[in-house]
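Starting off, we have a lone chain in the form predicted on its own, written out as structure tokens.
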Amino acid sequence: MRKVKIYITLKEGVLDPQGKAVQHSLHSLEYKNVGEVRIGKYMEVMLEDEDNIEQQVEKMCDQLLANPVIEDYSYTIEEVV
């Protein structure tokens, strides 16, 4: 069994209104040293061991989990004991 940790973020240059709202709220709470805030997604997917796990994960991300037009993704694969 493998645990896949998937991180999805907006591509550089894509506006992030949710991140901007969080940044504004942090500033209003007197956290003036906060710079840009970008919001993303994190997922964990458990997969049975197979030879092509990386290909499967990339296909999942491209087809469903991420919007490749405006989002980038990265992932790590860990063996579950």
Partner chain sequence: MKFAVVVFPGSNCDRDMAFAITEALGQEADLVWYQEANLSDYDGILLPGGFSYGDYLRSGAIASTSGVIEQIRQAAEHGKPVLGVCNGFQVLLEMGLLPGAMLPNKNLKFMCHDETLIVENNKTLFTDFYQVKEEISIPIAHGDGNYYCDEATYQTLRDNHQIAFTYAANPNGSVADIAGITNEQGNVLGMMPHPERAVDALVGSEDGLRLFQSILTHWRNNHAINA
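Please read all numbers here as calculations on a predicted model, not as lab measurements. Residue numbers count along the first chain shown, from 1.
We do not show the form predicted together with its partner chain, though everything after this point is about it.
Colleague: Is S25 a contact residue for its partner chain in the predicted bound form, using a 4.5 Å heavy atom cut-off?
Modeller: No, S25 is distant from the partner.
Colleague: If you check in the predicted bound form, is E71 within 4.5 Å of its partner chain, heavy atoms only?
Modeller: Contact with its partner chain, yes.
Colleague: Using a 4.5 Å heavy atom cut-off, state whether M43 contacts its partner chain in the predicted bound form.
Modeller: Although its partner chain is absent here, M43 would touch it in the predicted bound form, with heavy atoms inside 4.5 Å.
Colleague: Can any non-hydrogen atom of V57 be found within 4.5 angstroms of its partner chain in the predicted bound form?
Modeller: Outside the cut-off, so no.
Colleague: Are there residues in 60-76 with a heavy atom within 4.5 Å of its partner chain in the predicted bound form, and which are they, in order?
Modeller: In sequence order, L64, L65, A66, N67, V69, I70, E71 come within 4.5 Å of the partner.
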